[in-house]
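There is one chain below, alone, in structure tokens, taken in the form predicted on its own.
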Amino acid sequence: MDLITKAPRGTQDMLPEVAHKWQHIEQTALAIAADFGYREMRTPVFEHTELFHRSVGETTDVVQKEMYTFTDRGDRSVTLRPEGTAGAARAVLESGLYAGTLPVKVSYVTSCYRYEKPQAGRLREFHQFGVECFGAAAPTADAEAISLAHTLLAQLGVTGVTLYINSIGCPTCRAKYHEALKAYFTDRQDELCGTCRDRLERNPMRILDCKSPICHEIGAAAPVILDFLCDECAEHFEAVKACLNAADIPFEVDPHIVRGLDYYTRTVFEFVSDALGAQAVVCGGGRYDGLIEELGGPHLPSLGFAMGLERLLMIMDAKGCSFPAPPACELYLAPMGAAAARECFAIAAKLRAGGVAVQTDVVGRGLKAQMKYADKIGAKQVIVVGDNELETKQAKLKDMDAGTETDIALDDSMYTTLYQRSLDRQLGAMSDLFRSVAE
């Protein structure tokens, strides 16, 4: 029988055998963000299209080529979010959070959607971990966001990653830079792609972010923004570098980083891995001091970053990083007969309420088949319950790893024993994970 349909191109399923890796990354990311004072936020998967036109930028590849935009039944144009910052900024503005205690620090794990050619590390539906800090103008805020990303990668055991930073200035110094870029690219405009010829007048800096090999080659020799920074932007960038040096966070200055979205100002940065070839950027971000104002709010200096989770997982697998073991079945209860099945069901319910991972037969298998199943799911212990065990209130607790058996009473004392065994096993697993990360 043929499948009715398959997953849309550029999407992928998260199957149970890898879900625990995603959970580890997401939980670690949100926990580290919380240590830095960032609280989780969740925003809608779609927004009014004009939000992305105003924030991301009319001349960006994202808006011009990649957004999933459609008209809903109310004749409104809506777009699946192509990135997380715009929605977070809209939520902070709409809810009035900016009027409270500043800075407002939020984190999120979210899905994003861009119509791109699918390839390794680049999907049409992808996922990001991101943080946004609203209401912080000091260069220490830039360094803190970079430090958060650096800490997360280190905590996950990711090696071979280089931090590159740049400053793209403010609107004042960028105006002079745009004039210099126009003069440079005008001399070679016939060689530019059609999109970049249009950008030449509207936003020449976007040419530096073009994916066309020809435009990329031409842009490599273009003037660099660091030569055009105003005194205030130059001082800000020097202060960011000083903070990173003080925290022993290594970095390299790359004057060609501009990032792909129009809302960025001043500090921009990327963490680049040596494990993914062309899709090497695993984290990118920077400052966007004018975004809230552009969306109709007050002037609110802000910054943030996003980390691609698919790419991060690929890097971790390539580097052999450690992950916690998938959730294991602590105990399998193997009933023989209807009365035993009811008793096992009741025992399992009570143990689960106490935090023990328990399974029991729900298929109606015989004992031999149940034991094979318990072995396949990696059950740590098995208790067989039949008529004799129900009558004597005694059973055998089999340790599947050691192959040993011990007597266990089918009464209230059983729960204390099994709770303690489960706790000891969890503590042991945590200790092993911490040791592997430290190594």
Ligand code: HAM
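Being a predicted model, the structure only gives us computed values, none of them experimental. In this text, residue numbers run from 1 along the sequence as written.
As for the form predicted in complex with histidyl-adenosine monophosphate (HAM), it is not shown, yet the points below apply to it.
At the 4.5 Å threshold, heavy atoms of Leu300 stay clear of histidyl-adenosine monophosphate (HAM) in the model of the complex, well away from it. Glu132 belongs to the set of residues with a heavy atom inside 4.5 Å of histidyl-adenosine monophosphate (HAM) in the model of the complex.
Proximity of Phe126 to histidyl-adenosine monophosphate (HAM) in the model of the complex falls within the 4.5 Å heavy atom cutoff. In the model of the complex, histidyl-adenosine monophosphate (HAM) sits within 4.5 Å of a heavy atom belonging to Glu83. Contact check for Tyr264, Val281 and Ala306: all three have a heavy atom within 4.5 Å of histidyl-adenosine monophosphate (HAM) in the model of the complex. The single contact residue among Lys105, Arg206, His236, Arg311, judged by any heavy atom lying within 4.5 Å of histidyl-adenosine monophosphate (HAM) in the model of the complex, is Arg311. Exactly one listed residue, out of Arg122, His256, Arg365, His216, brings a non-hydrogen atom to within 4.5 Å of histidyl-adenosine monophosphate (HAM) in the model of the complex: Arg122.
Exactly one of the stretches 154-162, 179-187, 139-147, 83-91 approaches histidyl-adenosine monophosphate (HAM) in the model of the complex with heavy atoms within 4.5 Å, and it is 83-91.
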